[in-house]
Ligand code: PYC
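Below you will find one chain, with nothing else, as structure tokens; this is the form predicted alone, and questions on how it binds or moves follow later.
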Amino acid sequence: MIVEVVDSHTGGEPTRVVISGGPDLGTGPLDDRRERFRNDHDSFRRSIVNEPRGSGVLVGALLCPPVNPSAATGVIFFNNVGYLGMCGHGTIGLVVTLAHLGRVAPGDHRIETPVGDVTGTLLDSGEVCIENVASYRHARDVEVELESGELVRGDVAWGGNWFFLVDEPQQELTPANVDSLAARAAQIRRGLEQAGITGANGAEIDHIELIGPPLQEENDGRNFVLCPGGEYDRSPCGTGTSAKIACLYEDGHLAEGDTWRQESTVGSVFSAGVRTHDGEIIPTVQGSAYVTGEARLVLDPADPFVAGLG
């Protein structure tokens, strides 16, 4: 079996778009098709993003025929341990990949995801601006006890995935501190699980976002985001930035028309803003992606690791 993919990175975070050879998930809402993917074709997910063909940091994107024919595509994002609702860096990479393939030109493009439609605007500069799904803070100033007995406070917010956002004054959010930052974020996630703290309707909070000051004066903040599979986001995390934007707007620290420049742990930057519609907070996230390769992956049924490791 041959699977054709295009790889890219957005702010250092890789995306692998499956352009042919993926499973037939039928028709209907993207959320339903994501469940078919999860229940019937999970070995495909593992084979595409896990070793030996992938890595823990890689995010996959399966192109799907859209429900609305006016949409450019539908997409289901996945990673080394499961499936995502939305993926901001992945959507930026997806739009750049579609442009690389000659499927889209500069302008606005509707993209269907399991958690709602988003708009990806390919700018003449080559950057992409994503208008994300409506985002909001679910709970403010939530206290979590860590295994050490330390109490940590943060906000539970939705930006297309569920986040727990914590101010992190203890250490700089830099590559030199990645191991200790990841360990701390993992402790926070375990604390949330043990305390039964969730998002809306009991949803798992599977992303932890540590927030600190920027290292460059022209920017406004910096983050470290621990993703569900234990890797950290090399980009400023599009859905995490959206969750942060929602909290800033609700606190009165960001108004419509303002720009928030968010640094990642490795120093890449997203520019973000907000508009409101019918009382909902609609974040925008802008960044750059670059195609890094095209490949034909071979899934040989005789290979004992055809379904990947893990």
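So that there is no doubt, residue numbering starts at 1 and follows the sequence shown. These figures come from a predicted structure and were not determined experimentally.
In what follows, reference is made to the form predicted together with the named molecule, a form of this protein that is not presented.
Enquirer: Among 185, 211, 227, 192, which has any heavy atom within 4.5 Å of the named molecule in the predicted bound form?
Expert: Contact residue from the list: 227.
Enquirer: Taking 4.5 Å between heavy atoms as the contact cutoff, choose which of 173, 84, 111, 166 touches the named molecule in the predicted bound form.
Expert: Of the listed residues, the single hit is 84.
Enquirer: Picking from 137-145, 103-111, 230-238, 196-204, which part of the chain touches the named molecule in the predicted bound form when contact means heavy atoms within 4.5 Å?
Expert: Heavy atoms within 4.5 Å of the named molecule in the predicted bound form occur in 230-238.
Enquirer: Can you work out whether the named molecule is within 4.5 angstroms of a heavy atom in all three of 13, 88 and 161 in the predicted bound form?
Expert: Answer is yes for this spot.
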